[in-house]
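A single chain, nothing else alongside it, follows as C-alpha cells in the form predicted on its own.
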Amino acid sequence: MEKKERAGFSSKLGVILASAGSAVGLGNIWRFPYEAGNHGGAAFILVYLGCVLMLGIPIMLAELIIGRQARANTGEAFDKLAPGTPWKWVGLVGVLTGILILSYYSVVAGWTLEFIGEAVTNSFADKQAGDFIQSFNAFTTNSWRPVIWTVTFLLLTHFIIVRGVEKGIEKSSKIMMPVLFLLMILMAVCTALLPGAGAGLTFLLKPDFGKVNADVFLGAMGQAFFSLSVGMGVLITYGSYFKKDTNLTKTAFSVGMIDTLVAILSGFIIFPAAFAVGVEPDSGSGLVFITLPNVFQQAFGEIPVLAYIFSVMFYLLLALAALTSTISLHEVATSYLHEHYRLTRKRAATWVTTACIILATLCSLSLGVGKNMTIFGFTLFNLFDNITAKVLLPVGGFFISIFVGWYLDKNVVRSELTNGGTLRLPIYQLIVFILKFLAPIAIVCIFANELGLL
C-alpha cells in the first residue's frame, strides 16, 4: 500500500500566521502591559525585545529545527533524532505539558465566551466597581456555568483540529489572526482619543531606566519565554509541517515580532483607557474580567453605544487570542496520538478533547465547590498553572536548547537553518553559541527566580 504523504502547511503566509497564532494568547493581553508599565515602560519593552531577539527566537529556531528534521510530532521527534536514548522523554513531557496547559487554559478561555455574552446583552451597563467583582466571583465559583463555557471552547478547538493541518489550523489562522489585528488596531485608536489617554501612553512608552535592574531582566526573559510559548513543543509539531524551502530564521523572526506587536498593542488599548478614568491596572484575570469592564463603562460612559461596541470587540479579541493558542496546544497531543498509535485524526482528537474536558471540568470546579480539595496546598487549577509555568516549560526549553546546541549534528543544524546551503546565514555561529551557553544559563536563572531561589 502506498504511504500517505504527511500533512503540512500549504503556504508561507499560513506558516507564519499559524505559528504566530500558537504564540499569541491571553498572556500577551493581561500580563505584558502590566509587566511593562511597572518595570520602566519603554525601558522594559527594549529589554523584552532584546530577550526575544537573543533568547526567544533562537529557542524557537531550535524547536523548528527538531520538528522539520524529524518530520515527526513532539512526542516522537527526539526519539527519531536520538533513537535509544533518554532524549525521548523531553518530547513526551512536551506532550504532557500541552495537555495540562490546555486543561486549565480552556477554563479561562471559556470565561471569554461568558463575557462576550454579557457584553452583547449589555449586562455591564450601570454596574459599579464592586458589582464587577461580585459578579465575576459568583460566575467563576458557580458549579455549572463555567464548565459549560469551558466544554464549548474545547469543542470549538476540536472542530478546527479534526479538519486537519491545512483545512483546519492553517485556514482558521488565516481568518482569525487578521481579525485579531484589525480589532486591536481599532481599539487602540479609540482609546488613544479618550480625554486623559495621553498619561497612559506616557506611562507605557516613556523610558524609566531607573527601574531597570536584575529583576526586570529576569521578568523580561520570563515574559518572552511565556509569551512565545517555547518549551512545550508546539513549534516542534508545527515545524514538522513546514516545507523544505521554508526559511526557518525568517519565520521565527516574523513570529517573534508579531507576538511582540500584539503585546504592545494590548498596552495601547489598556493603559490609555485605564488612565482616562484614573484606574490603576492590575494583572491577571482581575485585569480583563473585573477592572477593564469597569474601565470601558467609565471611559465611554457619555456615549453608551461606544462602551457597548468596545466591550463586545474586546472580549471577542480575547476569545480569538485564546482560540489560536488552544488549537496549537491541542495539536501537540492530537498529532502524537494520531501518528504514534496510528489512530485516525478524528479519533485522536476525540481522545484529547475528552481527556481535557474531564481535566478542565475538575480545574473549573476547583475554583468553586472543590476549592478545599488541594494538592500540595494548590487547587487543581493553580497546580496545573504553577507546575507548567514554573517547572515544565523552563525544563523543556532548557533541554531543547541543550539538544540542538550540544547533541544534534551541527551539519544537520546548519542544513536546516540554510535550507541545505541555499540561504546565507551570517549569524549561524551566534545562534549556536546562544543555544549552547546563553539560553541554558538564562533558563536556569528564570527557573530559579520562579521558584524564589533568586
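Remember, it's a predicted structure, so these values are computed and weren't measured experimentally. Residue indices: 1-based, along the sequence shown. If you superpose the two forms and keep the largest set of C-alpha atoms that fall within 1.5 Å, you have the rigid core.
Note that the form predicted together with tryptophan isn't included here; everything after this is about it.
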{"item": "Full three-residue contact with tryptophan in the predicted complex, heavy atom 4.5 Å, for Ser22, Phe226 and Ser328", "value": "yes"}
{"item": "Location of tryptophan contact in the predicted complex, chosen stretch of 78 to 86, 302 to 310, 230 to 238, 145 to 153 [non-hydrogen atom, 4.5 Å]", "value": "230 to 238"}
{"item": "Val52 within 4.5 Å of tryptophan in the predicted complex, heavy atoms", "value": "no"}
{"item": "Contact test in the predicted complex: Ala43 vs tryptophan, heavy atoms, 4.5 Å", "value": "no"}
{"item": "Val295 within 4.5 Å of tryptophan in the predicted complex, heavy atoms", "value": "no"}
{"item": "Distance check, Ile57 to tryptophan in the predicted complex, heavy atom within 4.5 Å", "value": "no"}
{"item": "Selected contact from Tyr105, Phe275, Phe384, Tyr336, since only one has a non-hydrogen atom within 4.5 angstroms of tryptophan in the predicted complex", "value": "Tyr105"}
{"item": "In the predicted complex, the residue from Ala360, Ala109, Leu317, Ile101 that sits within 4.5 Å of tryptophan by heavy atoms", "value": "Ile101"}
{"item": "Tryptophan in the predicted complex - contacting residues of 368 to 400, heavy atom within 4.5 Å", "value": "Leu393"}
{"item": "Large Cα shift (2 Å or above) at Gly396 between this form and the one not shown, core-fitted", "value": "no"}
{"item": "Exceeds or equals 2 Å, Cα of Gly67 between this form and the one not shown, core fit", "value": "no"}
